[in-house]
Each structure stands twice: as structure tokens, then as C-alpha cells.
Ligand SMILES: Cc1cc2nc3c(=O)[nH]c(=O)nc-3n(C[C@H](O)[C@H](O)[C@H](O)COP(=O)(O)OP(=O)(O)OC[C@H]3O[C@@H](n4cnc5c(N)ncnc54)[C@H](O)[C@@H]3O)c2cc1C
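Heads up, the chain below is alone and in the form predicted alone; it's given as C-alpha cells.
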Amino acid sequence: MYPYMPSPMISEHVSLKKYSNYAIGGTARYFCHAEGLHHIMHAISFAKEKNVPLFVLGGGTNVLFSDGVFDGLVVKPDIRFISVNAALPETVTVTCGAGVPVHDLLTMCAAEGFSGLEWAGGLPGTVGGAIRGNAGAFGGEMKDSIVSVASFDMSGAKPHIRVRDNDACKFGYRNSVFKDLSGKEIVLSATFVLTRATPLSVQQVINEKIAWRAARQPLEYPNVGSIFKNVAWDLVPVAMQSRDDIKKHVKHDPFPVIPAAFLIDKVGLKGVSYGGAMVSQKHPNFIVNACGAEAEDVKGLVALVKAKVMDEFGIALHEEIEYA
């Protein structure tokens, strides 16, 4: 599954803009494309030898790089394979490399008639990144279909592969054990259990989700998706819970939440700009790179949004995006 490959070349002074959906970022002192486990091991050894920090990059669809220099090694796991392991009359088990784009996994599911991941239609990024953040939409989450996840534990004296079942992954709302162990483990692959359906029915639902995103999200601008997590209803102050204009916007994602986009809209920040960054008028939980934005522009808007929502509603917003 993870074949031996010659050691990869470690590049120096690599611009991170081209690896970010935001088209924002400075440079990495060192950069490594890791196409297999041996490449990952080589990158870890290199970082230890140079005594520099290591940052694991997925699809770059949920990260804001700083404007300066990352004085370390960025390793981008690019393990790409999809295999059907077991096929039963009603279900099928599929194992997928962490570097596979979510789009490619869904394309295979549609072609074969494997159902369970349609909610991810239009979701950017890689399978590994989606697992790490337990990505979700339309009431579905990565955890719903995962049987197990293989990762490379590099925290001890003897790095090794670990395989966790679903429960051991400790999936939560946009969270997992892999996020908590950031910098200590790298997701390698995951095994999913999916149900059988017709290829047409699977593709139709995927298309519906893609169309929904295109109509409601500012995909015409560089972006990294939703900036803030939706707010769990039980974290909303009691005084706010009694307001009709608040209650009617509760949705299940997959538990009762108030959408962050609604709160940002209510405080009147749609279309507000800071430098080259802008709160989207189309979807206010997106801060887009409207005109050559830098990381500090985005951070300025993040701080403004959090302050305004806290002042108006007494609700603390928490970022869904990662900073690097």
C-alpha cells in the first residue's frame, strides 16, 4: 500500500501562494512533496537533522499562511490510491489515500454507484484534510462513513503506523484526534463503508450539492471556505435563545446550531473590506481575497467580525480555518 520510493528532493524558498486556495502566503524555507510513506519518513528525518519545525499541508483549502517566511519544512503528503476491498450485496468497503482529492473520490463513487459521501459534492481539498477536520455539510460528516484511519505517528523515538477505528479517531464537530495531535501524526489513508445505489442516483445528489454551493458561495474569489464554525445552540446565551429572529434560524449541522453567516449578516458586515480582503456579500461566513489580500488583511477582518458578534450577541465565534 505504501511502496518504497527514492528519497524526494527537498526544495528551498518555495512560495506558498500557489499551494493555498487563498492565493495568500509567504515562503517556506524547505518544501517536500511526499508521494509515499518513505517520502514522509525522509521529510521527518530531514526536519530533525536541520532542527526545524515541520508543517503538514493538505489541499490548502482550509489554511491561511502568514505573509512572512516559514523557517521550517512544509511536507505535502500526496498518497493517491483508491481500492475496493470488500463488496457485499448491499455495502462496499473502500480504502483511499490521504492525498486523493475529495472530488476524485466522489467521481469514483458516482461511477460505481457507491453512496454515503454525496453530501461532499463540491467540497474542495483532500481526503486527509477532510478527515483531520471531520468536514461536513448538509447533515453529513466524514465520520459517518469511516471504518478506520491509518496514520504515521512520528512523536516517539520509533515512528510507526497506527490504525484507529472510528471511535478511536474521536471525531467531533470539525475536529478529530488528528487535529489535536497536529505535528505528531500524519493521516495516510482511510477505509470507508458505503452502500450500493445506482450511479445515476449518486451523481444526481452530488450535482445538487455542487449546484447549491455554486449558487450560494463566492467561488469566483480565492477563499478557504467557511471562516468560522457554526455556534452550538446550547452555547447561545439564554437571552438570545428567546428571540424569535434567532430561533427561526436554528439548523441542524448535524446538531442544533446558529449559522455563523447569519450572525455576521445581522451585525452588518457583508461587503466590508480590510485591505484586499472582504466579507463576502454572497455568503458572509466567507472572507474572500478580493484584491491581492495579505494574511494580515484577513486576520484584521476576522478580529472585526468576532468583536462585532460578541458585542451584539454575546457569542464567541471560533475559527474553522487553520493558521500557519
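The structure displayed is predicted, hence computed values, not measured ones. From 1 onward, residues are counted along the sequence shown.
The same protein also exists as the form predicted together with the ligand; that form is not shown, yet it is the one meant from here on.
- At a distance of at most 4.5 angstroms from the ligand in the model of the complex, all three residues 60, 219 and 223 contribute at least one non-hydrogen atom.
- The chain is drawn here without the ligand; in the model of the complex, the stretch among 157 to 165, 234 to 242, 81 to 89, 116 to 124 whose residues come within 4.5 Å of it by any heavy atom is 116 to 124.
- Interface residue among 94, 98, 106, 202 relative to the ligand in the model of the complex, by the heavy atom within 4.5 Å criterion: 98.
- Put simply, of 274, 30, 55, 46 only one has a heavy atom within 4.5 Å of the ligand in the model of the complex, and it is 55.
- In the model of the complex, no heavy atom of residue 72 sits within 4.5 Å of the ligand.
- The ligand in the model of the complex is not approached by residue 169, whose heavy atoms all lie more than 4.5 angstroms from it.
- Mapping the unseen interface onto this chain, residue 322 counts among the residues with a heavy atom inside 4.5 Å of the ligand in the model of the complex.
- At a distance threshold of 4.5 angstroms between non-hydrogen atoms, residue 177 is out of contact with the ligand in the model of the complex.
- Taking the ligand as it sits in the model of the complex, the stretch 114 to 146 comes within 4.5 angstroms of it through a non-hydrogen atom at 123, 124, 125, 126, 128, 129, 130, 132, 135, 136, 137.
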